[in-house]
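Presented as structure tokens, the chain that follows is alone, the form predicted on its own.
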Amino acid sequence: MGKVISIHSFRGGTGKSNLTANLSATLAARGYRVGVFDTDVASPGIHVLFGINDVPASASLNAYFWGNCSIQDAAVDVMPALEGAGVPVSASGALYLVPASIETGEIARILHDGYDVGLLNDGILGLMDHYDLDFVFVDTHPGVNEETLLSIAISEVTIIILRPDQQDLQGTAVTIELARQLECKNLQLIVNKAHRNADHAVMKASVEQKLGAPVIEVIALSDDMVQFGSGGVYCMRFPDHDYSQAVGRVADCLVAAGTASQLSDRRVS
């Protein structure tokens, strides 16, 4: 059985969806079988990173919640987008995205009615079983709400993304406390968009001391990433870039720190 990993942030703009896309693609390229759920239903967008410009309402996470399609019908195989990027990709790898609808009526409906997190749990387990997935990433909605907290509660690992500023630090502290009340099993932090000239080791130690949770990576703000403008999966286009190398180290942590203890030996040597 694979592992469910929620990726969350207290505020928008932290680079959460970009990290989710790049991390999932990095693992898939290495030969793991990966699923991604876009539960940021109020402002979906991770599909754009995978080259999907249109998400039909009839085959989306929303349609699955309303009982209009199966979770398998809502999943899109985005592996061809990785294979076309020119980076060596293991033949055993797989990457499936369950996108949220971008239609305004669907967004309004789910904001008004919410969704049954039990169905999300069932969908995650169903997709994992159907495609024999090693990892499932849940890209959550920023902030604190019932659905996001319940998504965290059903995950084996929760990664919280924050920027090195006081608003993010304070908001992340609140999120961490709530996650611990939910008995979050494995909570880890990533500091993103750090100044390139800052002492990242000092920053890591400071955030860990203030928040009482491990920081697995400090990622520098990249002008190249800004110019790229979410034009795809950055790590697949520029695998030697500092950002891509940092994402690779996060992938190493997830595999090495017991997150993948029950996974099949698919990784590319």
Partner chain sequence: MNVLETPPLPKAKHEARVLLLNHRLNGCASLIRGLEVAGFAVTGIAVTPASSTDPVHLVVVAISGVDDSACSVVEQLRQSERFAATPILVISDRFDPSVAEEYLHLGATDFLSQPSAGRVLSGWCERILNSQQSDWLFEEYVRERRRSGAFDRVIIPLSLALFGERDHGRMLETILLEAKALCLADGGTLYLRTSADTLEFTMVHNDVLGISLGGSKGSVTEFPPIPLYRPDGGEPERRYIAAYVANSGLPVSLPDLYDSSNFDLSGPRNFDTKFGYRTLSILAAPLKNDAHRVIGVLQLINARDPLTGEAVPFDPQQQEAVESMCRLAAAGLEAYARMQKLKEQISALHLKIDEAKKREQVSQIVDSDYFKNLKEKARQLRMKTPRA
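Note that the structure is predicted; figures quoted are calculated from it, not measured. Positions refer to the first chain, counted from 1.
FYI, the form predicted in complex with its partner chain isn't displayed, but the following is about it.
At a distance of at most 4.5 angstroms from its partner chain in the model of the complex, all three residues A153, Q170 and V174 contribute at least one non-hydrogen atom. At the 4.5 Å threshold, heavy atoms of P142 stay clear of its partner chain in the model of the complex, well away from it. Though the partner is left out of this view, H112 does not reach within 4.5 Å of its partner chain in the model of the complex, counting heavy atoms only. The closest non-hydrogen atom of Q166 lies within 4.5 Å of its partner chain in the model of the complex. Although the partner is absent here, L182 lies within 4.5 Å of its partner chain in the model of the complex, judged by heavy atoms.
Only one segment in the set 233-241, 24-32, 200-208, 46-54 has residues whose heavy atoms sit within 4.5 Å of its partner chain in the model of the complex; it is 200-208.
Screening N121, N186, S92, Q72 for any heavy atom within 4.5 Å of its partner chain in the model of the complex leaves a single hit, N121.
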